[in-house]
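You are given structure tokens for the same protein chain in two forms, set apart as structure 1 and structure 2.
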Structure 1
């Protein structure tokens, strides 16, 4: 009797121990097999800190959602963040750290185009898929690099859409470009010039300025005497606001156009009346009536108590693209992930229905043509980046 009870209790203990071991073992083995590690690099301090912080917030929001809703099937997403301060050298070392130390399977990097280009050197050498959710520089996808994808809108699409809109909708025949003398502005100037050629619009004046300039009247007078009907700016909001003001002070009534780099509420605040009716391309408007956008804005606001900026929307979509890729490929191997990302289709996300061309640019993205009315941006037309 006594011996039987003892052996039963021993058996019970054995069962419990073994059972718990099994469950623990089961859990841990499942974890190590089905985890996808996402590295995220962005400027979380320095001049473009606002963009990097928005990217982190949006990625975290998407990762939590996907893990809760099992949108990536059996795969659990984990995000690892590094700050590059917008500096290419720091960005490349952050990328190295994420790949070597955290063994990330896919990288979302970075925002500043020069930093993204530095990261691409690392990812293409190691062979890790990289998606940039913030860089618009045309050169990023013009290098024949098979590991790079972009969910931001290529400047090329923006220049094309702006010039086409100016000609077809506003009937503008003569345009002037007024661009920053840095690589962002100069790449914009080239893209605008080739778009003007493509749509046979006369480019009558090409002016540049240095970032930090305050007096734009000499260049504006040249533009005025050239008889341009539209002025296309490519740069940042402070200079764009000053240009708008000084153009009106010189009595220039030409239509103003700008790219997404200057599309900030600060532009309207600084430029005031002078920026009214200015036309800009953007990928996202927080007060849009699209159902996907509304849901995203509500979730983002509930968590962070602020309106999401376009970079946040693009980063959020990027995580969903990655989740879909790992679910379809059912593998976290770099080649499998890359091929799955390239074949992305059928997703209906905040900024469009992503589809990548052979260069890695998203050609299923909504590109919003917006106009400044009062103190906000109003949607006037929507085109798709692939058209």
Structure 2
């Protein structure tokens, strides 16, 4: 009897052990999926919400496509989103949350340059690769930070291209700058001044404003009295629309210029007739004849029932760059991802063929100089950033 009980006990122990092993094996099988977690930070509310919302939509579109087509090989991409409202403090907090709570391996962050500069403190400290698909401030990639990359076009290149176009094509000899007082705007102001000196264009007035301001007439009257033939704005679309309206109300007929930070359909919607013929730089036009662009626009419109803006196209390309990096590295370790991103080549994407220089800037982009005509941005010139 004792022997029988002993045998039954041993059998029960064996069953339990085997069950445990099967459970462990089952868990291992379930957890064998290679996962890359992407954190995404941007302004999904506040004054630049359209930019952050477009970034979110494009990132999710790209993630879904890549997972369905296995474009990242055995790796599955997961995206986690946080709204920073365009605020640097909130952006840094959102970045911390994504790293600590969601254990992300790489970040797409952020859109406002001041927010990206705040995020960089966090990502460089912990050693996580960060790509900004929207921030163009020159200082972002001028600090020797080995963890930062940018798929938007550096402001330095934009300022140079705009001032050169104003002089060579439009014959403008006197310009004024009207820039936001934040990091993005003041970086632009310095770059415009440098470009004006380079191309022997007289900078006759330098004005600033605070984000959220409503009355720009004092600065505009100073610009009017300066005799400026062109006004170069550097900020976001909300203030740019108001500046355009008030400039026309004051009888200022100077040519208006703007950088990619304000290149949004909201600018035309809010500014109306006052924005007509404004010249802006950007990296993407939805009605381009480029095959890669047409395919992206069709997929984006089918999913979201609207045309994508440049910030969407840049974010979409950024996810494909990350997917290529994890496939090449076959690792989600931060250093491996960073090294693979830095060596990106051979991709034909919506905004160009990405290639990063030693600072982390994408020098494989097409910079488009566009003009507002009706409710559209119309291409007037193309400059290649790698030249």
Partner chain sequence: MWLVPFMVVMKGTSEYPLLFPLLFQWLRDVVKLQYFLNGLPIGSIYALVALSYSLIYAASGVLNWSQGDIVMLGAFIGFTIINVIKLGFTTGLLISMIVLALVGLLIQIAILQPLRNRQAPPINVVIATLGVAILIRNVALVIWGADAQNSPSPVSTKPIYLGSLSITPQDILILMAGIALMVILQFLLKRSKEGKALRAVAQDRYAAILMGIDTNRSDGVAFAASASLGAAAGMLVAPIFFVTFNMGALIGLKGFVAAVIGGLGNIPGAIAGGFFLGIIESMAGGQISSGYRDAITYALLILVLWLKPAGLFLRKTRQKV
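Take the two forms, find the largest set of C-alpha atoms that superpose within 1.5 Å, and that set is the rigid core. Residue numbers count along the first chain shown, from 1. Keep in mind it's a predicted model, so treat the numbers as computed, not measured.
Item checked: Chain form predicted on its own, by structure number -> Answer 2, the form predicted on its own.
| said: If I superpose the two forms on their rigid core, does the C-alpha of residue 239 end up displaced by 2 Å or more between structure 1 and structure 2? | reply: Shift of 2 Å or more: yes.
Quiz item: Does superposing the core leave residue 307 with a CA shift of 2 Å or more between structure 1 and structure 2?
Solution: It does not reach a 2 Å shift.
| said: Superposing on the rigid core, I want to see if residue 279 changes position between structure 1 and structure 2 - specifically a Cα shift of 2 Å or more. | reply: Yes; residue 279 is a residue whose C-alpha shifts (by 2 Å or more) between structure 1 and structure 2 when the cores are overlaid.
- Query: How many angstrom apart are the two C-alpha positions of residue 377 between structure 1 and structure 2, if you fit on the rigid core?
  - Reply: Residue shift at the C-alpha: 2.6 Å.
query: How much does the C-alpha of residue 248 shift between structure 1 and structure 2, in angstrom, given a rigid core superposition?
result: A shift of 8.2 Å.
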